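Only one chain is shown below, in structure tokens, and it's the form predicted on its own.
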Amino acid sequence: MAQIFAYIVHKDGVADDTALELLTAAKKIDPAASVTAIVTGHGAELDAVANEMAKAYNEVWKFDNPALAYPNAELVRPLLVKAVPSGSIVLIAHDTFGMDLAPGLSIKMDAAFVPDVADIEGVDGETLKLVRQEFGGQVSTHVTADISGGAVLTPRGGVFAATESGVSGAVVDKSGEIGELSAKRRFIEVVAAEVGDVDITKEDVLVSIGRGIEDQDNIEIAEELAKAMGAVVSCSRPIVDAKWLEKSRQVGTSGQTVKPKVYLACGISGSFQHLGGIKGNPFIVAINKNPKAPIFQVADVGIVADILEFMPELTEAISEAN
């Protein structure tokens, strides 16, 4: 079986939630695999991430260089091509950085490429069987990939349960193998998203609304539910695009990253762009009248219902209980 690697995304010395999800995905490919984590960056923050990953991965390859302090796919891609053995399988989280890094990496490795992987069904000889989604998550497709020459996969965040730590892996410093690094683009600065009247990144309970709310006047229904729950209202991108709520309320890769304890998704389909903004493994309750909505694949509780009918009933029930 091919050697399996997982590229770990991190920030401020903390690995992204997808770090342990990639390990779960790797074990679905080969339960007996000794999976190697790859971390790039610079300084004490990189060391902290590498040491933390060694509690879950059998081996961690660390690449330390000032040029890697901010993740740049143009720098990481040739580094991985040089470091990863030919024929290997590389897992990268399906987020904005992963979408920048993975396609070109597969070309340079002359390996199969499967993005936005929603499930892994196993290996049959040199054929890997996977499930991914099309048409905004409305259709699940069964895909086969020839992995005889290796593969680059980007598993969707949140669909693979995080593997618990429990090993004592080794951190191997590979910094001396980096060589010269150059790119046509360079990091300038991070521009923090504006915080509005409510900072949804600090809330424990969110009532999040999507297209299913249908009309701006119906947002009041969500606000009443949020008040009853002691929560605040957040939203998906279509609500912001329609200018019904301010940008600071948007959850997703192009909005805010939130880590609530409870996330109530009302009329939200569950695209990877939206789910990419939900971290910390919250308890997710999804309400959607489409039983095939992808949000149900990651929800702890799924309710097939029209939110305009269900939310007022839920508000009344909670108010009575209180």
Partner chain sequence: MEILVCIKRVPDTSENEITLNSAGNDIERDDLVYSVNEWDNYAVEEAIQIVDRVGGSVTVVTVGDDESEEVLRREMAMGANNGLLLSDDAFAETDGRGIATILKAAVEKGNYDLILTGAMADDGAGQVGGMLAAMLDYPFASVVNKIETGDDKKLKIGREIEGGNQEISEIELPCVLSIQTGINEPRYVGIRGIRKVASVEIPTMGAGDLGVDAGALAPKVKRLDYFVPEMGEGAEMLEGSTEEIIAKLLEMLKAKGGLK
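Computed from a predicted structure; not experimentally measured. Numbering follows the first chain given and starts at 1. Throughout, rigid core stands for the largest set of C-alpha atoms superposing within 1.5 Å between the two forms.
Same protein, other form: the form predicted together with the partner chain, not shown, and the subject of what follows.
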**OP:** Please state whether every one of the three residues 99, 292 and 304 places a non-hydrogen atom within 4.5 angstroms of the partner chain in the model of the complex.
**Re:** yes
Original post:
With the partner left out of view, is residue 78 within 4.5 angstroms of the partner chain in the model of the complex by any non-hydrogen atom?
Top reply: no
Original post:
Is there a heavy atom of residue 133 no more than 4.5 Å from a heavy atom of the partner chain in the model of the complex?
Top reply: yes
Original post:
Is residue 124 one of the residues lying within 4.5 Å of the partner chain in the model of the complex, judged by heavy atom distances?
Top reply: no
Original post:
Even though the partner chain is not shown here, does residue 58 get within 4.5 Å of it in the model of the complex, heavy atoms only?
Top reply: no
Original post:
65, 51, 253, 34: which sits within 4.5 Å of the partner chain in the model of the complex by any heavy atom?
Top reply: 253
Subject >> Within 4.5 Å of the partner chain in the model of the complex: residues from 53 to 75 (heavy atom criterion) >> reply: 70, 74
Original post:
Relative to the superposed rigid core, does the CA atom of residue 244 travel 2 Å or more between this form and the one not shown?
Top reply: yes
Original post:
Does the C-alpha of residue 232 move 2 Å or more between this form and the one not shown once the rigid core is lined up?
Top reply: yes
Original post:
Core-aligned, does residue 29 move its Cα 2 Å or more between this form and the one not shown?
Top reply: no
